[in-house]
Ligand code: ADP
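Given as structure tokens, the chain that follows is alone and in the form predicted alone.
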């Protein structure tokens, strides 16, 4: 028997129509460094319509790709709405990439038009000569246009392009809801970055999960501080979830250091925020020295890499509750979120909160051992996490990488365990597990234990070659300002928290742990520094 339900496509156009009308009084607030500027969703919807008409006039048709090279701000949100809702494909470009990676991604993605903030125009200008397919560059805000001399692309000012365009656009519902609406590229930690194309359907369903109580629990009364960059996994899907739920958005633009972030929180009073641990680590250090009013924040969702309990407890000293989440570019990204079961409190709650949490109902998961067999979900057995579901990619854009897929399942590269009631604990990336004397050592567990020491600001652990054991852990540590701590003291601190055979012999104290373009510890750089003799390493007996 067939269903009698209407077959209407799930689309970004639907979200735009709904969010800019039903929730037209919600607003997007953009920080300027000196204050805030704001616009209602209704106003943003009209400007998005003007942008869509302007892009049509520039020749954007069908599934043409429109790149964005922008901070988190109102104009970037307008592109998020206009480009996929007009039937084209949004392609946010990572501002923090090296020029060769940026050129590769923009070229591989086939971007025809690029929208760019004036403050980062010089970075884009460096690679435009390698992008002959880019026909138009649209510059938002003040900029030194002389850096574009010699480019073959036609240059436009964003506001001039929108001026005089109609306030309404006949937003396009795709014939096939699985058509691409947007795409992002992986960080490319090994080899070239790979493109993931998100469909209208996958974004819509993912937005529903973000709004749910076992997602970000986002609602129309929320004001969401979007620290996670809009070029990183579509800002965790938050802009589209905001259109669905009516939550207002608070955008930091380029002002991401602790003091302006604290200013923004005190002024705009967000209730919900999302970002990677490194941003919150820096903000915590600032708040410990300069207490500020963080009371508006009911929840901070932290993902991108494991969030140490010490960081969660530190932020809670300032009244900020932290919720752990897990995901990746290939999973749109929300895979799981850690909310303790009802009635669980105190220390018992921490057993759940420090995990990556329960996987969403639409995300199926299994753990696969080294021999390829599926291991039990008993909270003890460890394997590589494989997932599948309606917002999880089944392939890469114009790239064949069969090693990443296993009979319809995405191989995440994350290693961990799952309890019978569905709580996921990740112990490491498969490439970062330290294989010592036939046993596995979790670099993440060592890092989290180290960062619980009051004198440690950051710590990263990698495996390095060892003649006797094959690999042993190397700990690289950043001391908190004004503190002194040595390797002997830190090793003694670890000795009551991890097994004796896991304790690092090699220690290096550094000014900063290298990080990727999205704020994760860049362990390949640390390994290279060690191999090149660039680290000052102390070896304990």
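Given the structure is predicted, the values throughout are model-derived calculations rather than measurements. Numbering follows the first chain given and starts at 1.
Below, we refer to the form predicted together with the named molecule, which is not included among the displayed structures.
For the three residues 27, 220 and 238, a heavy atom within 4.5 Å of the named molecule turns up in the model of the complex in no case. A heavy atom within 4.5 Å of the named molecule in the model of the complex is found for exactly one of 186, 442, 248, 278: 186. Comment: the named molecule is not present in this chain, but in the model of the complex one of 393, 305, 94, 209 has a heavy atom within 4.5 Å of it, namely 305. Of the candidate stretches 210-218, 255-263, 424-432, 461-469, only 424-432 has residues whose heavy atoms lie within 4.5 Å of the named molecule in the model of the complex. Taking non-hydrogen atoms only, residue 414 approaches the named molecule to within 4.5 angstroms in the model of the complex. The named molecule is not drawn, but in the model of the complex it has no heavy atom within 4.5 Å of residue 84.
Mapping the unseen interface onto this chain, residue 125 falls outside it, with no heavy atom inside 4.5 Å of the named molecule in the model of the complex.
In the model of the complex, the named molecule lies farther than 4.5 Å from every heavy atom of residue 335. Annotation for 201-232: the only interface residue with the named molecule in the model of the complex is 232 [heavy atom within 4.5 Å].
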